[in-house]
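Taking the form predicted on its own, here's one chain by itself in structure tokens.
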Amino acid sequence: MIFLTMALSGLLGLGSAGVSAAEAVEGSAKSDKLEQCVEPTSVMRRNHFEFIKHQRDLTVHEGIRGSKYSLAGCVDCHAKKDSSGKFVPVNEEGQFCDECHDYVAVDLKCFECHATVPREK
């Protein structure tokens, strides 16, 4: 439903009129080539913040890293590239995180500390 709303907003020119959205190449994110996220899409839409918060607690308090619910994993999979092959930050206007968070009027605090593009490997 959210993606349908975002698609309609895009067609109407609402909410994604930023320059960055136009520069991102559709189909360039890893997630564009996958059939499913680490959980079914409906579960991720509803619970992703709980998964990320739980992973944060495990990492910060117990030193456990590498969970399938890591924020770095989200960014690695959902960041799109521009026409020059550079990643577009997931929190820029019109990008993966911004579109839904903007729609539901929730401020993104994750990226005050965390990277918005995949790290070079």
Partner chain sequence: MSMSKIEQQGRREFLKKAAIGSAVTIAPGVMLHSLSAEAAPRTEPVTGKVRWGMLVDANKCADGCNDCVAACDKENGLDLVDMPEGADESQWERQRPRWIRQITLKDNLTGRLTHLPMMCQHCEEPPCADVCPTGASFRRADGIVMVDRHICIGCRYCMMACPYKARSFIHAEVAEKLTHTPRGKGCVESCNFCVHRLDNGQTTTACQDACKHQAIVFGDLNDPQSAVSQALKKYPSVAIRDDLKLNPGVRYSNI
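As the structure is a computational prediction, the values presented were derived from the model and not from experiment. Numbering follows the first chain given and starts at 1.
Missing here is the form predicted together with the partner chain; even so, the following discussion is about that form.
**Student:** Wondering, does residue 113 line up within 4.5 Å of the partner chain in the predicted complex on heavy atoms?
**Tutor:** Residue 113: yes, in contact with the partner chain in the predicted complex.
**Student:** Look up in the predicted complex whether residue 50 has a non-hydrogen atom within 4.5 angstroms of the partner chain, and give yes or no.
**Tutor:** Residue 50: no contact with the partner chain in the predicted complex.
**Student:** State yes or no: in the predicted complex, is some non-hydrogen atom of residue 56 no more than 4.5 angstroms from a non-hydrogen atom of the partner chain?
**Tutor:** Although the partner chain is absent here, residue 56 would touch it in the predicted complex, with heavy atoms inside 4.5 Å.
**Student:** Does the partner chain get within 4.5 angstroms of any non-hydrogen atom of residue 34 in the predicted complex?
**Tutor:** Close contact is absent here: in the predicted complex, residue 34 is far from the partner chain, nothing within 4.5 Å, heavy atoms only.
**Student:** With the partner removed from view, which of 41-49, 23-31, 92-100, 63-71 is the stretch that lies within 4.5 Å of the partner chain in the predicted complex, judged by heavy atom distances?
**Tutor:** Looking at the other structure, the answer is 63-71.
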